[in-house]
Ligand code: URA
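Below you'll find only one chain, the form predicted alone, shown as C-alpha cells.
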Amino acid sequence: MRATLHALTEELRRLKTAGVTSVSVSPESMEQLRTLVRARAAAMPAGEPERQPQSSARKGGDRTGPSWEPKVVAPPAPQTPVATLPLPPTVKLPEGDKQMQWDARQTTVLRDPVCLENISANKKVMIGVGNLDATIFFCGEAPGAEEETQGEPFVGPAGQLLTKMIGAMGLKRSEVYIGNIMNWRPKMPTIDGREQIGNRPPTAEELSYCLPYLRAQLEVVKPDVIVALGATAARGLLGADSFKTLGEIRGKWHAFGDHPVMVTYHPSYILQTQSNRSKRVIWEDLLQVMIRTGLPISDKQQGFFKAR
C-alpha cells in the first residue's frame, strides 16, 4: 500500500510540474483509493475510524434508510517547516588531477553540517557518480527514498529507466556522469517516526545552498553537455522564474555558465504515461544531445518510438 501511495504522489507531482492542472479519475480508481484509505485506517493504532452519516438519497440510486461512509480521522501530522539555511558554501577545489579534486569535493559535501542536519536518520548524503571524463552530465533534482538509502542518484525505477535510455544512446552508465542538484532528500512531515512517504520539490533556498557542490562537480568533469532531467532540475540550473511549464523549454538548448543545457522530462514521465509518444519526446531531446556530442546515430536509433 505504501508503494502505491508513493507512486500516486510521485505521478501527481510530476503532472503538476509538467503544467497539468487537472486529472480525470475513473469511478474504479476512486473506489481503489477509498479501499486504500480504509485499509490504512484499520491498521492505525489510534482505534476505529470515526463514521459519519450521509444522506440516503444518493445520485444514481434510490436506497432508503441510513448509509454510512467511513471518515478516517488520523492524528495531526507534525508541522516541520523548512529551516532557514545559512549562506551557500564556497567550494574550492585543490590543485591536482581530476580524481584528487573529485575526492576532495566528495569529502567536503559528506562532512557538510547542513547536509548532515537535513538527512533523515540512517540515510546518506547524496554524491554524484560516473566517469570524470564524461562528455554528458545528467542532472536530476533531489534524491528519493532509494537514493537517500544508497547515497547514489537514480537507483530506483526512474534510475533503471535512465540507464536504459543511456544504453539506447550507445553508451554505458559508467561512461556518463550522473548527479543531483540536491544533496539530501527534502523532508516532509511524518507521523510517529514513520518513514517518509512521497517527495516534495526542494525550495529555492535549498537548491541555492546545494548549487555550489553541483558547480564543483561540473568544474571537475568539464562535460560538453548537461541534460537537465525534469522541471526542478531545470529551475535549479536556469532560474526559478525562467519558465512556467517544462513544455515551454524542453527540446531547446540553454546555458548554465559555459555549459550547454538540454532540458527534457524526468524518466518518471515515461513510467507514468507508458506511451510511444512520451518516449519519442524524450528521445528527440537525447538525439540532439547525441548530435551535439558527436555520437553516431544509426537508422534504427533515429526511428526509435516513431508512431506507426
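Treat the numbers as computed from the prediction; the structure is a model and nothing was measured. All residue numbers refer to positions in the sequence shown, first residue = 1.
We do not show the form predicted together with the ligand, though everything after this point is about it.
- Checking G144, G236, P223, G128 for any heavy atom within 4.5 Å of the ligand in the model of the complex turns up a single hit: G144.
- For the options Y213, W184, F154, F138, the one in contact with the ligand in the model of the complex, meaning a heavy atom within 4.5 Å, is F154.
- Heavy atoms within 4.5 Å of the ligand in the model of the complex are found in exactly one of 144-152, 163-171, 89-97, 102-110, that being 144-152.
- Residues of 215-232 are not found to place any heavy atom within 4.5 Å of the ligand in the model of the complex.
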